Every structure is written in C-alpha cells, then in structure tokens.
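Form predicted on its own, single chain, as structure tokens, below.
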Amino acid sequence: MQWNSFNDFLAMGGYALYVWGSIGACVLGMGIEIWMLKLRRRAILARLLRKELTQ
C-alpha cells in the first residue's frame, strides 16, 4: 500500500483503529510480560539469598 501523506499512513486505509489497537495491545502485553519476569526474577533471587543465609 502506498500512502500520499503521513495522515494517510496513520489512517491505515480506514483500518487505523484495528491496526493501531492491535499494535498497542501487543506492546502492552510484552511490557507486562517483561515487568512480570523482572518481579519473578527478583523473588527467586531473594528466595535463594534467604536459603543461602540459613545454611
């Protein structure tokens, strides 16, 4: 698809809500996944440190 202007690009041929909504949902999902992984890593490291200190 060829766009004549930046506004045409943003409109995505009339499917802007679907396209940009899908991209937003994916970015949000990936951001939540990274955040949850960091929290899980922190919890695991804290548990390992407590275990090391009690031995």
Partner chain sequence: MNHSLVNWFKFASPASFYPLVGRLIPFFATAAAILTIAGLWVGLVVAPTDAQQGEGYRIIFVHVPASWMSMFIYCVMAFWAALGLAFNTRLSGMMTSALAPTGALFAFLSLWTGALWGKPMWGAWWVWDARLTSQLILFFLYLGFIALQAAIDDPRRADKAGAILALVGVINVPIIYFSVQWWNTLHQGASVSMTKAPSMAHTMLLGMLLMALAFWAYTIAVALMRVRCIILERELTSGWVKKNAME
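The structure displayed is predicted, hence computed values, not measured ones. Positions refer to the first chain, counted from 1.
The form predicted together with its partner chain is left out here; the points below concern that form.
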Give a yes/no on whether Gln2 approaches its partner chain to within 4.5 Å in the predicted bound form, heavy atoms considered. yes
Since only the chain is shown here, I'm wondering whether Leu10 would be in contact with its partner chain in the predicted bound form (any heavy atom pair within 4.5 Å). no
Determine whether any heavy atom of Leu48 comes within 4.5 Å of a heavy atom of its partner chain in the predicted bound form, and answer yes or no. yes
Interface residues of 29-47 toward its partner chain, as seen in the predicted bound form [heavy atoms, 4.5 Å]: Gly29, Met30, Glu33, Ile34, Leu37, Arg40, Arg41, Ile44, Leu45, Arg47
